[in-house]
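Taking the form predicted alone, here's one chain by itself in structure tokens.
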């Protein structure tokens, strides 16, 4: 029986998207993928370590619990503690940290093993601009009616063709997705949009938020969102909300590789 040439580790990441070109490695600019793989390269003693992510966030988008897997050389001797702390150390001074790490089987994939993904979008809804939250919220001055926004959001739940809410350059084979949750809540001056589905189309969450904002300000009636959905035409829906307020909130797996800590290697 041959020994696998690699050992696979799942990692959970938090990062500030400001100043980054997004998750995916680009020809120029700093990406989360490039920073993580460089940190893993150092941890592996100068050997390449490829990565796969659960979701490719865009430039300026943040993450509270992004998930990726890394394929380290099989002869590397690691614990969850050493992977988490070692990667976080080598990621300095960038605003990217590893929250957790767990060994997984070689047939486990951060992307294809995921059963759901969730996003959170923060809107600062007040007249004055943000001082502390600049770059982390969408500042909307006009009052937003959360009840109207939720009425409209409910029309997007379930299985639909989301052509009207995906980027024109979206490369997904099908525009059909099942949206499991789309909740609008107010927390003081902040309006928070929470979305959950097995997978999302490119810009889907930002396009839904941009559309719901028009309902919240009274520019659109809630029923117009259903009409935009039925049109299957990007121009029928509202604008794309800026990346600043968007956070990859979490990724679900069954079983969850991060859910069963063992004292000897996850402290």
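Positions refer to the first chain, counted from 1. Because the structure is a prediction, the values reported are computed rather than measured.
One more form of this protein should be noted, the form predicted in complex with a further copy of the same chain, which is absent from this view; the next part is about it.
Remark: residue 44 does not count among the residues lining a further copy of the same chain in the predicted complex, judged by a heavy atom distance of 4.5 Å or less.
In the predicted complex, a further copy of the same chain sits within 4.5 Å of a heavy atom belonging to residue 91. Contact check for residue 183: every heavy atom lies farther than 4.5 Å from a further copy of the same chain in the predicted complex. By the criterion of a heavy atom within 4.5 Å, residue 96 is counted among the residues contacting a further copy of the same chain in the predicted complex. This chain is drawn without a further copy of the same chain; in the predicted complex, the residue among 136, 177, 120, 117 with a heavy atom within 4.5 Å of it is 136. Residue-level contacts in the predicted complex: of 229, 49, 201, 64, one residue has a heavy atom within 4.5 Å of a further copy of the same chain, and it is 64. You can rule out all but one of 123 to 131, 69 to 77, 192 to 200, 163 to 171: in the predicted complex, only 123 to 131 has residues with a heavy atom within 4.5 Å of a further copy of the same chain.
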